Ligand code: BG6
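One chain comes next, on its own, written out as structure tokens in the form predicted on its own.
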Amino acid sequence: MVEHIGSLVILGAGGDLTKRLLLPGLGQLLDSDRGYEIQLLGVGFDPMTNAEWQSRVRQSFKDGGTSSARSKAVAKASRYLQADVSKPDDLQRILDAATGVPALYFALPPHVTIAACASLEKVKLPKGTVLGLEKPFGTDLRSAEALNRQLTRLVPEKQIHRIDHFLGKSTVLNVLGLRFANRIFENVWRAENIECVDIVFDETLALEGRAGYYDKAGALVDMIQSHLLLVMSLVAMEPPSSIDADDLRGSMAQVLRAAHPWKGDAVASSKRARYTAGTIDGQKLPSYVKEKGVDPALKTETLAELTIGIENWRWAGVPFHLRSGKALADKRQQIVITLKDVPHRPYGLIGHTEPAKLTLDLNPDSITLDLNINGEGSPFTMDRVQLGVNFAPGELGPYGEVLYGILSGDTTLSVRADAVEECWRIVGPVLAAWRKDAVPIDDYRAGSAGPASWR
């Protein structure tokens, strides 16, 4: 742990992200062997007393399962500052209140983050200041490039942490061990043996009051453009020489540079839909367009599918299907590698003929391998069996891991500038086609598996 980080400053401290994810992750880190005492400053636009803020911190720590003397001390000493982070004078006041070198965490909407970074150029940042930014990083390729230029005018790239908590998920990181520590998997991890790869993040949750952000983003930008493309890059990358930040992130960026909508056709490779009224777990939901804060004219999708082709030697011809949606029948968060069928099945072997599948479940964390073997009774009748194992839980949750990276100066789990820009480049043609209505927006009932026509 790098001791010079004295303060964690959360910009956007009053938001749901801070309460529900960021503070519980910090509490887990403080309770772990990797934690140490820091000053915690919460900054928000709305008024809040120090006592109210400290109560919120303690409750979030408790919700995350932490109650050590260290976390209690950090909560008791934490302070709240009301400020407009788009104003240089307010930013200077925040920096003056920080102890030692600050780590600034932007738990803010994209447009507020951009305004705050512009104002930071007008104040003097302490040497070593670290910046942590929540996705999305910009709103398109051009804005992402501009934001990256702006950030590097403030601090060096090694002090910038673009946060994607998916990279902190223990199962996602276990992809590395599965592939590169097991010859049986790495030898088949290529186009000659793999039919397709599915990366799915389906939720039963609906909008949950997030119209302010989600209605301007949609499933493609909210999930596929960031999280799922980065998971894809881990699944598909070439073996790095090490798992330090430069090697790992370089291998991920190499995959993204080779990725495009399937066969270069943004229309044929993409689908979009949004939910109508329905019921999930006994709760009635309105149509998405009737949700509070939604503008129907935006035609925001709540379910998106995008097929990606990776144009390199290892993956040529293998489709990567990326899918994410809300208000669906089942919670499904998986990486599924479907192997090609055998070139010839001896005559007389009957029964199951599906190809083998390797499935990594991201929640709960597990791995299963579906195989065809000789079943009971006749030795010539094939049956389907499933070999499975649960992954051991990580010491920290996703936000604990990314916060550790910020406070320790380890950028391994942060997103590099070029990867951000490549992700926007990949989805850019799809977004353009959708804006022109070249791809119809389908409907699906909330609580269903999605549009019937997609199946």
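One-based numbering along the sequence shown. Note that the structure is predicted; figures quoted are calculated from it, not measured.
Below, we refer to the form predicted in complex with the named molecule, which is not included among the displayed structures.
- Proximity of 19, 106 and 162 to the named molecule in the predicted bound form is absent: no residue of the three has a non-hydrogen atom within 4.5 angstroms.
- The contact with the named molecule in the predicted bound form, taken as any heavy atom within 4.5 Å, belongs to 213 out of 180, 213, 380, 262.
- Residue-level contacts in the predicted bound form: of 135, 272, 332, 249, one residue has a heavy atom within 4.5 Å of the named molecule, and it is 135.
- Contact with the named molecule in the predicted bound form, defined as any heavy atom within 4.5 Å, is confined among 218 to 226, 236 to 244, 138 to 146, 334 to 342 to 218 to 226.
- By the criterion of a heavy atom within 4.5 Å, residue 203 is counted among the residues contacting the named molecule in the predicted bound form.
- In the predicted bound form, the named molecule lies within 4.5 Å of some heavy atom of residue 166.
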